[in-house]
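The data below hold one chain only, encoded as C-alpha cells and taken in the form predicted on its own.
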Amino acid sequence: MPVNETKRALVEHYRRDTILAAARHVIARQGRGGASMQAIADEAGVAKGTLYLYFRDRDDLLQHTGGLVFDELLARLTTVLEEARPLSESLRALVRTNLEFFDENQEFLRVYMALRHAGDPAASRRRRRKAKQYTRHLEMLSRYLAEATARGEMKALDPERVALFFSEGVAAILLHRLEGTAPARAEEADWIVDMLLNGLCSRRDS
C-alpha cells in the first residue's frame, strides 16, 4: 500500500475510534435523551456531518460503540482464561471480571440495553447470542472446560453445554443488576460459582 494511502487509512481509523469513544462518554454521561448526534460530534471535536461518513445513523453508531465496549470485556475474559489457575479459581475470576466491568461501565450499558433491547426480551437474547464477542467467548470457555476435563478437574460433561449454562447464568445476574432490581453483593462471584459446582441440594439430600 502506498505511503499516502497508509497514512489516510490510519487517520480514518483514528477518527472513527475518536467518534466511538466520544459516543461512549456522551451516552454514559447524558443518557438516552442527551445522546444526540450533535452532542457526540461536539465531544469528538468534529462536524455533525462527519459522523455520517462513518455511521448510517445514531442506532448504527450505538451498535458499533457497544461492539467496542464488549471487545474490551472479551479481552479481559480472554486474559483470565489464559492464566494457569484451578477450575474453581478461573470461574470465580471470570465472574468477578464480568461484575467489575459491568460496574465500571454501568451507565453506558444501561442506556445501551434500553436502546438496543427494549420491548422484546426474546429478540434481545437472539441478538446477544449472535454477537461475535459472545460466540468467541463461548468457544474459548468450551475449550477451557474441555481442557479442565482432560486434567481431571471436571466431570465428563459436554463442555459446550456447560459453557452456555454458565454464561447465561452470569448474564442473567448482570442484567438484573443493570436494571437496578438487585443490589451489588461482594460475594456474588462465589455464590454463582458455588451454584455451578455444588448445586442446590444439601449434603443429606444428595
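For every residue, the number given is its place in the sequence shown, counted from 1. Think of the rigid core as the biggest set of C-alphas that the two forms share within 1.5 Å after superposition. The structure presented is a predicted model; accordingly, all values stated were derived computationally and were not measured.
What comes next is about the form predicted in complex with the DNA, which does not appear here.
Colleague: Could you tell me which one of 174, 141, 35, 148 places a heavy atom within 4.5 Å of the DNA in the model of the complex?
Modeller: Contact check passes for 35.
Colleague: From the list 157, 164, 46, 68, which entry has a heavy atom within 4.5 Å of the DNA in the model of the complex?
Modeller: When the DNA is considered in the model of the complex, the option within 4.5 Å is 46.
Colleague: On the criterion of a non-hydrogen atom at 4.5 angstroms or closer, are 82, 87 and 90 all touching the DNA in the model of the complex?
Modeller: Checked in the model of the complex: no contact with the DNA for any of the three.
Colleague: Only one of these stretches, 148-156, 165-173, 57-65, 133-141, has heavy atoms within 4.5 Å of the DNA in the model of the complex; which one is it?
Modeller: After filtering at 4.5 Å, what remains is 57-65.
Colleague: With a 4.5 Å heavy atom cut-off, would you call residue 15 a contact of the DNA in the model of the complex?
Modeller: Close contact exists here: in the model of the complex, residue 15 approaches the DNA to within 4.5 Å, heavy atoms only.
Colleague: Is the shift of residue 44 between the shown form and the other one large enough to count as movement, that is, does its C-alpha move by 2 Å or more after the core is superposed?
Modeller: Yes, its C-alpha moves 2 Å or more.
Colleague: Once both forms sit on the same rigid core, is the C-alpha displacement of residue 175 at or above 2 Å between the shown form and the other one?
Modeller: Comparing forms between the shown form and the other one, the residue 175 CA shifts below 2 Å.
Colleague: Taking the shown form as reference, are the C-alpha positions of residue 59 and residue 174 brought closer or pushed farther apart in the model of the complex, with a change of 3 Å or more?
Modeller: Residue 59 and residue 174 sit farther apart in the model of the complex.
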